[in-house]
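Single chain ahead, written as structure tokens, the form predicted on its own.
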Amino acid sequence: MATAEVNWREEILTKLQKRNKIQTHCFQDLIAQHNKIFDNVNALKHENLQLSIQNEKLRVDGDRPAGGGGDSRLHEKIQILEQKLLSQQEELTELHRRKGENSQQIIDLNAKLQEKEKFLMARDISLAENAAKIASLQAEIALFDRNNKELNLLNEALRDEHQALHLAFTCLEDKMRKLQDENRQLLDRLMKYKTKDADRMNEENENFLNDGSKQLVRSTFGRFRKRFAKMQKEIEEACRDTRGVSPEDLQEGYGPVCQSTIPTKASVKFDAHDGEVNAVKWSPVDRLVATGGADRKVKLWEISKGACESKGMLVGSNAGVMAVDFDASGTMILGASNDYASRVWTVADQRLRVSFFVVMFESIGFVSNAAHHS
């Protein structure tokens, strides 16, 4: 305890000595001169006192009767001492004047020192404010740099998406040209069939005319003429029609009739994607449904007891997901998107495992559980 008390006392004494040394360094010359003047004043006072004593002694001696020669010498000494006293008084007055000047100079220097300290304090405050402004500006610069990097990444993503869309547009244009060519070929075939029907009807008309039954021929010819006009009109409408004609339209009769059951009530209804839902697939092993949408995501849903629960979201596609499929074990899921790429994720950890590029696809699926692949 005593050691601690001595330590803090010594520390305070050291700090006071250090402060005294720092603050008195600027006025060291003035203080030394001031002390010297005080010493001179004290010495002069002491000398003046001695001279006063000697003067009194000389006066006392002067009052005593003495010879003429001794009086003259005594008067000379008194005059010399008086002159010396006057000079000492003048010097003392000069020293007092210098002391006043030095005191005024110390006061002026103290005032200047206070002004300098105020100026330094103002400069320190200004430096602190400027440092705070610099820190805030650096933070803004860092924020702008991050925003710039994000914008660059977004620009690259948009550029990639634009390239993918341009490629998709080119492929769709090629597909449209092929469909237009197929449509023209089908129209040519239809025109050939209609022309054959017209020739056959003309032959039947000529045969009826050659039989001799004119009345019957006229009536029959009138009916065939109407039929021929109707057929010609249908040919003209078919030539003007630019829509595609499927090969089933050229077949005679009707196709197989199938019975189907249409649901009348929805079991579960939920919003799966931010936009269109392009593909839905059930998992082969549990009540898990995968959906793909125009928001470039594949989402997993668990359907149970008339409710759905989100089980995850698979990302990585650069365009809308058009088809999804599970493998036979239900552990992997395949998704194809409009950027001409197919990707494979694992269902357990929902991580992207494989990504590959294809030029064109009609349908996708795993080999183990897909009946048709293109």
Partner chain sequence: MANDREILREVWEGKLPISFQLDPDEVVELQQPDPFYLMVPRLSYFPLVTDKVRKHFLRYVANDKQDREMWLEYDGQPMKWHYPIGVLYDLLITSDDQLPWNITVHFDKFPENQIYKFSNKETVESYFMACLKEADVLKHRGQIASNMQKKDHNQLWLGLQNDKFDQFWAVNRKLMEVSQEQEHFKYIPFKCYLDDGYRQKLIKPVDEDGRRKTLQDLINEMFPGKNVVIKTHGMIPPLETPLQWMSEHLSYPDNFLHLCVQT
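Residue numbers count along the first chain shown, from 1. Quick caveat, the model's predicted, so the values are computed rather than measured.
Only in words, not in the display: the form predicted in complex with the partner chain, which the text now covers.
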### Query
Heavy atom to heavy atom, is Q28 within 4.5 Å of the partner chain in the predicted complex?
yes
### Query
Would L352 count as a contact of the partner chain in the predicted complex, using a 4.5 angstroms cut-off between non-hydrogen atoms?
no
### Query
If you check in the predicted complex, is R343 within 4.5 Å of the partner chain, heavy atoms only?
no
### 4.5 angstroms heavy atom contact with the partner chain in the predicted complex for N42
yes
## Note on the structure
Of S329, S310, N35, Q54, the only residue with a heavy atom within 4.5 Å of the partner chain in the predicted complex is N35
### Message
Contact check in the predicted complex: W8, K15 and Q23 versus the partner chain, with a cutoff of 4.5 Å between any heavy atoms. Do all three pass?
### Response
yes
